[in-house]
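We begin with a single chain expressed as structure tokens, specifically the form predicted alone.
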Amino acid sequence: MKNKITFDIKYWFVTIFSLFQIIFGLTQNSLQEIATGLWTIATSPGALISDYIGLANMGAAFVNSGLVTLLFIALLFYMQQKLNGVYIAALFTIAGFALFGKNLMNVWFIIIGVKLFALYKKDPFSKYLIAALFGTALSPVVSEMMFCTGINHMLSIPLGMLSGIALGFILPILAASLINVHHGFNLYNVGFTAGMIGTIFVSILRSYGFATESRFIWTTGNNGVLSIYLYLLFFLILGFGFYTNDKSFKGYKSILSYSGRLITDFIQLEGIPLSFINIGLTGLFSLSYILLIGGDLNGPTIGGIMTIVGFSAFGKHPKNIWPIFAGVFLGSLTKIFSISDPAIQLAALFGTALAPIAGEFGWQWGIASAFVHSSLVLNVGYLHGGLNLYNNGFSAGLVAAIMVPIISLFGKDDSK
């Protein structure tokens, strides 16, 4: 019989974070504006790029983020799931993408599909929970089919539900198989899988004359209030880690010694205090990067920062993500785009999926991989029509699949 899981410090951590999101949202708009905004978010397409701050309002975007994350925390606790690094990564990723693509309505049909797969296999649902959580990358499929096909809602809404359930059903088996393509050097494995599924799904739609609508909702001008909120949040996390680690950074260097290749769970390997220190530091680092390049703090970029923060419990640290930032920056010096272009801001943040390459083979290979990624990611979105929220995870999987064998020709760099 499974031991009963208590509401421990890790559950309190993610719960308090979710409440912070809600409380911050409630300070930005009236309750009526937030309620109206939540309805707009739930009944609108969520394909890339749909910044909920611009689609609705800031209050609704952050309340949506907090509520969606709380519901998933409740699901995990109900299932008596012990929180380790990968679940922390999943919850922060969900919180981030609930600012631009995931909402209180569209995430659940993917979950139902994975649940049905578990029943079909006669396995416990917990075996596929990770795939289910990250698989909500395909949530925009549900919204797209419901609200963008031009079909009467009496038909389009059930069609959207069934589409999400069907994609959720096939997701776990494909995620388990496709990890072999990149050998664990892409931290967003389900994003890679979702990209493959989304490409096939959208190709079928297009062959029947259905065209997915391109979207670009990107807000600017909110760096002041958002930077204050985020700096406060990450300093609090860092301070808590520092305090619980005997008021010191003792032992933190050990985290920097890991490559980050799947599976690297810092919660299990190094404990909660050092993991919290790492989370706080990478949050501050990635936030500062966006501000230093003159970027924008909005739903998509905060989603990228939150994803980095979550994976700081599961593979990422400043030593293996800075080469990714550097590679994208160098790309902007020689290519046709600017470092502050929206897609390139996201390429740097979400491109840290390739951090294990820098950690395993050396910083120069991390830079080279990010340099390639910054070009590829601009082109693969068309394949899945923006219906895979983890577009960078799809691109990173392709980059890792090509780069790792090439890097291996030259041997591992032991000087890293």
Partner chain sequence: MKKELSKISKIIDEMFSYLSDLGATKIDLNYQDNPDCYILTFKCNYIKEKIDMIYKMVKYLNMERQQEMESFFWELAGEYSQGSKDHELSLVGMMTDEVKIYFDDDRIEVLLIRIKEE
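Computed from a prediction, not measured in an experiment: that's the story for all the values here. Positions refer to the first chain, counted from 1.
Not pictured, yet referred to below: the form predicted together with the partner chain.
- In the model of the complex, none of the heavy atoms of H153 sits within 4.5 Å of a heavy atom of the partner chain.
- Taking the partner from elsewhere, P318 is found to have every heavy atom lying beyond 4.5 Å of the partner chain in the model of the complex.
- K250 falls outside the set of residues with a heavy atom inside 4.5 Å of the partner chain in the model of the complex.
- In the model of the complex, the partner chain stays beyond 4.5 Å of every heavy atom belonging to T93.
- Here the chain stands alone, but in the model of the complex its contact with the partner chain, taken as any heavy atom within 4.5 Å, falls in 75 to 83 among 106 to 114, 221 to 229, 75 to 83, 240 to 248.
- In summary, among the residues F234, F201, Y289, F314, the only one with a non-hydrogen atom within 4.5 Å of the partner chain in the model of the complex is F314.
- The partner is absent here, but in the model of the complex a heavy atom of I173, alone among I173, L162, I272, L71, sits within 4.5 Å of the partner chain.
- In the model of the complex, the residues of 258 to 288 lying within 4.5 Å of the partner chain by at least one heavy atom are, in order, Y258, S259, G260, R261, L262, I263, T264, Q268, L269, E270.
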